[in-house]
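Take a look at the structure tokens below, where one protein chain is shown in two forms, each on its own, as structure 1 and structure 2.
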Structure 1
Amino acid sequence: MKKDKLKIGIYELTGCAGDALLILDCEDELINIFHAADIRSFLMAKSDNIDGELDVALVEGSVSTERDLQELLDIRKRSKVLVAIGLCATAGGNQAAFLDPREWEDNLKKVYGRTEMTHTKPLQSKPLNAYVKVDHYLPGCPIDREQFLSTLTRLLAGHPPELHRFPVCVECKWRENDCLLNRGILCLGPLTAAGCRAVCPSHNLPCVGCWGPAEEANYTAEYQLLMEKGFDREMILRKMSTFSGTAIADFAARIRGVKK
């Protein structure tokens, strides 16, 4: 008996649309995906979109307006499996850096001169799991093509995705790069989730942390090591805050009180 095709929807909340673009960039594979799965909704690629029951919803972007929130709640209601794709969805992204609501509102006023809008209410940017249950996380700014394809293939076969839980530092060793920390350059590789194949260190550039904090990284030991190497707390937190989104609060809490 022929199995029904899996119904998939790809959605963009507030962000740079980089993850949807990366999916479009899968070109040849994309044509296979359109054959293997029933793509019900993918705004960037097609105009005949249907919003019904879904087996898998892939959602990128952070919740940054009331409208984003309503859309997310609706997607969650009609999807069996919800996957957060990209850093904005998994951790909030760059725009979630203002953690304090007053600081956020103050900055909103500085950019727009006022905070009220007629079309939708702005909200402090947050990752998807601040509002709904997220089944799987595909991190990255943007997501990686191979990791996306392997995740989707596993989901199509009815299995949960298998992602790296270790930091970029491990991938960097696999590529046999010289360690930038040994050259006195502050690299966030030991603290950042893997999956990019250590692209920046492979270009002689420090990891900037764009996949968000790694689940299994040893924050306190690395922080202590960086302090010993002469980097200060302000610099480490400033660099980590660029891409950690709301996860920076956890990082800051775990290094609190750690001494040289």
Structure 2
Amino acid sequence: MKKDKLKIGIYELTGCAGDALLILDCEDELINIFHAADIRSFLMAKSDNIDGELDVALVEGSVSTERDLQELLDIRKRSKVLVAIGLCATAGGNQAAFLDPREWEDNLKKVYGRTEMTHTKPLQSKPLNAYVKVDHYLPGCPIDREQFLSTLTRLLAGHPPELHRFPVCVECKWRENDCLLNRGILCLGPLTAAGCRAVCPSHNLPCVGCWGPAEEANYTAEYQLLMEKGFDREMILRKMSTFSGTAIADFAARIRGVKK
């Protein structure tokens, strides 16, 4: 008996659309992907998009407007499995770097002043799991081609994705890189999930955290180490929050002595 193809939808909320573009750039595999699955919705790749029940929804971008939130709630309702793809969806991304709601509101006023929003109301940017249940996460800014193809293959076979659970530091060791922290360079490798193949440290550039938080990231230890090396507290917290977004909100509030 022939097995029905999984119904899959690929969606974009607020972000740069880099993850959807990366999927589109899987040129050699793209035809096979469309043969292996029933791609019901993918605005970047097809015009005959269909709203309906889905086996798997892949969603990129953060929830940054009321329209984003309404779309996400609808996608979650229609999907058996929801996968957050890319750093905006998994941790909030760059737009979630302003962790304090008051800071976000002040910046919104500085940019837009008294402009009345008629299209949709802005919200403080947050990852998908701030509003709905997320079944699987595929981090990256953007996601990695090989990790995406592996994740999709496993989902099509009915298996959960398998991603690295260790930090970038392990990939640095595999490449016999000299630790940048030992040279007094602010590197976020100990906090960042592996998967990028340590491309930045391999070129003597510090990790900035664009793969999102490692599963057991120890922010306290990294913060204390960087403070001991003479880095400014606010610089450390800004670097940590640039890509980790809301994942470090509680930690940052505690360090700053802010009562939530």
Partner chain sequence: MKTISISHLARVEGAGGVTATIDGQVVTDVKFIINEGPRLFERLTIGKTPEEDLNIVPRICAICTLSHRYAALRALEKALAIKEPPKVLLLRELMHLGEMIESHSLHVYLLALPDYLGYPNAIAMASKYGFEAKVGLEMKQFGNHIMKTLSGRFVHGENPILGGFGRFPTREELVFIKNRAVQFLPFALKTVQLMCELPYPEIPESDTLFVCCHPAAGQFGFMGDEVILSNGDLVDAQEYKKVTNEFIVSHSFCKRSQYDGKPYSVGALARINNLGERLEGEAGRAFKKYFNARWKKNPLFNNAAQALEILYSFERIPQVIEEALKMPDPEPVGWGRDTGKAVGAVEAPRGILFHAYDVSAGRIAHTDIVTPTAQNAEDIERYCFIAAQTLLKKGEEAKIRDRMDLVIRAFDPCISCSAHMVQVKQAPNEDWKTRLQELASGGETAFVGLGREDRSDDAAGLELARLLRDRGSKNVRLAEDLSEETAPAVGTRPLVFLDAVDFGEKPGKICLLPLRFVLWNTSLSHRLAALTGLPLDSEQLLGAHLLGIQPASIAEGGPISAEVREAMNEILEMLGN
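Each residue is numbered by where it sits in the sequence of structure 1, with counting from 1. Values in this document were obtained by computation on a predicted structure and should not be read as measured data. The term rigid core refers to the most C-alpha atoms you can superpose between the two forms while keeping them within 1.5 Å.
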property: Structure corresponding to the form predicted in complex with the partner chain; result: 1
property: Flag for residue 252, CA shift 2 Å or larger between structure 1 and structure 2 after aligning core; result: yes
property: Did residue 55 shift 2 Å or more between structure 1 and structure 2, C-alpha, core superposed; result: no
property: Rigid-core frame, C-alpha of residue 36, shift of 2 angstroms or more between structure 1 and structure 2; result: no
property: Core-fitted comparison between structure 1 and structure 2 - CA shift at residue 225, Å; result: 3.6
